[in-house]
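Okay, here we've got a single chain as structure tokens, the form predicted alone, with questions on binding and movement later.
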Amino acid sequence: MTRYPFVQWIKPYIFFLFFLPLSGIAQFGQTSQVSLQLVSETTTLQPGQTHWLALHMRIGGGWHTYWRNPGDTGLETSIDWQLPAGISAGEMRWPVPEVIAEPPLYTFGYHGSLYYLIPLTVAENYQGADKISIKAEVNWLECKEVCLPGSQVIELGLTVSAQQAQADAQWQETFAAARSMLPLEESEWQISARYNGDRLQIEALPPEWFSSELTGLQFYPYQTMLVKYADQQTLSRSGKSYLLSVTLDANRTETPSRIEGVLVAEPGWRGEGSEKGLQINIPLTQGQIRQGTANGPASIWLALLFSFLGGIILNLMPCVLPVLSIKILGFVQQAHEEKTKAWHHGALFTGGVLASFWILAGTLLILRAGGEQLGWGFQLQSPLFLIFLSVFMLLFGLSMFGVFEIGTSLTTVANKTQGASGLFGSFISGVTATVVATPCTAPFMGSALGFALTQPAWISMTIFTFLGLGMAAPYVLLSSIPALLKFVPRPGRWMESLKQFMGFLLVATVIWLLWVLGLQAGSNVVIFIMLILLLVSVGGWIYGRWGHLAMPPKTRVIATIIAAVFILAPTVYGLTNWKTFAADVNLGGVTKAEGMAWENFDEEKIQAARAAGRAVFVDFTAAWCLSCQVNEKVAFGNAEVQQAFHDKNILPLKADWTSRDEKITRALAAFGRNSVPLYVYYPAKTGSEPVILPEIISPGIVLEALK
């Protein structure tokens, strides 16, 4: 597309000359898709103070309006104020825009709902009326197939009072959300810019504490005709720095000495879930363009290694052992089968693990792309999933007790193959192991998962694949090298006793799931689901008593139908009606646990304590994370650790992630994590960096960190 310098100057007139007649024709069948509302953050205004207003613009029907720099075409939204004497409005704050691509034109603007924030200052010597009216004329251009100029006068009545202004409760969340969409005005990032010919390069050096990975970095300039909007901006790395290469507009009249604008990137400039925009106003110098490399290959390979090692260690976590112990029984049986049969079982187990990781990871990425603040193990924050998993694990446990058999019994020594049902059982074992493994975060996993969720989808899925391969690696090794299976003991009657003992471990898992459910939804729901599980147990007993092969065909069919009714009907009823019995559960407040008075996590508490010279220890945990529970019992239940906390006057904060909490999710992301456990110690010394402890802790590790 050819652009000329004078086009920028006459662009507003082109719009009114060309689009105004067109919009007049369109108005016969098209009305404005924009509605406006003006709201105040406080119930009153106080002389000598600055307060905040928000202009809420709702844009419907797929139409869009424009940012302060519209891009190749368009007109920015403007506000003309009509204010009483003694009251003044400051510059409007613009939310981070989006690119609206309609080749060959590329513009910047907004769809849907957005808020513009405006500071409103009352003079200290204000002498006007107590009851005032704030009026504003808003002008905008809304476009879709055609463009319509819009204008509306909006009004807001307010009171000026000498008393301290109070926040309006109904708008607190609205203003908080609006501020999160504004670009940061200050940051610890070091940003510089240089140009050479038609190339502009912006370099961003992260602060030492920043552990996430920037992706999708884009520059939105305030100056018009500075860059070529249609050209793709490319991101590379040079050491720790991010290098963004942008094409300058060949038709620019001059190259400015400073550039102003907004840098936008995932996951956010303060970590996952933080502000995606960063406002810059920096010198622009002429110089050599630095050469970078692809965005973080070393980090990707390191993340793949960490995820594979974490997957191997995950087999030793308390979440996984109850299910994987069942798989050990399978290897005892397979040890004396055909060599290829053992390999088939290992391959199917790996397939079950990988399929589950792909489904869980894909679901997580889709939900996060939709704006949900979720992390690894997110499914155990859902009561629905806990109920379903409780039913599944109970049925699994009943089959281990021998109430009914799924496929051919592992203890049938004379049977040398398990057939199709045995292979399917290996696949299901892989699925189940993955589902119950996700609450745990093994060593190496935390940083790998945190990195994965900041990357493009294909990199994230690759990292999760390596995590699954690591988890399945020991079983693939055993099943693919027959020489190793000779060390496995021969099957015998002892296997029946061991299998039944494993059933008790599965029942213990059900109890744990119900405990987590109780923390999320209350004790009434637990009792309700226990009744559901009782009926499910009856269904399993009916199937085991009259549905086996020794019974006549007609009896088996009837028993199967009745068993299905006892299992499915209560389960569906429980999944659809559990909210009826749910209670409001407060996980916050001060709790006395492991001999220490933990307080509810809050960023302001950390800042206040450190400002007062007090050290802080934060325990990011969840009830469904068995690794967390073991760590807390072992480390924080230790008398020496408790005494050290007391002697050093350390503030212990517990960030309970049992139920989904976006505040805790963002706090985890600030450390590059999306899973628990995470232990962070803030020393009392001002300016010192927080210390991150390993995922598996002991009293010695905690005491060493406190030094």
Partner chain sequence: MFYILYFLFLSALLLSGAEAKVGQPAPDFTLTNIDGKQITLHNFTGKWVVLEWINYDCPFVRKHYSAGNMQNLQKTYTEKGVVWLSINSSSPGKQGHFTAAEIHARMSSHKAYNSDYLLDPEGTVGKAFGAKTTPHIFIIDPQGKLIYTGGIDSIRSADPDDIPKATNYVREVLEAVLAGRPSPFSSTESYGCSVKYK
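Positions refer to the first chain, counted from 1. No experiment lies behind these values; they were computed from the predicted model shown.
One more form of this protein, predicted together with its partner chain, exists but is not displayed; see below.
- Of the residues given (E91, E208, E604, E145), E145 alone sits with a heavy atom within 4.5 Å of its partner chain in the predicted complex.
- Of the candidates V565, I282, L105, I359, L105 is the one whose heavy atoms come within 4.5 Å of its partner chain in the predicted complex; the others do not.
- Checking 169-177, 391-399, 502-510, 145-153 against its partner chain in the predicted complex, the stretch whose residues place heavy atoms within 4.5 Å of it is 145-153.
- Looking at D72, you'd find a heavy atom of it within 4.5 angstroms of its partner chain in the predicted complex.
- Taking non-hydrogen atoms only, N600 never approaches its partner chain to within 4.5 angstroms in the predicted complex.
- For D198, a non-hydrogen atom is located within 4.5 Å of its partner chain in the predicted complex, even though that partner is not displayed.
- Shown alone here, N251 lies within 4.5 Å of its partner chain in the predicted complex, counting heavy atoms only.
- Residues of 219-247 that come within 4.5 Å of its partner chain in the predicted complex, judged by any heavy atom, are T224, M225, K228 in sequence order.
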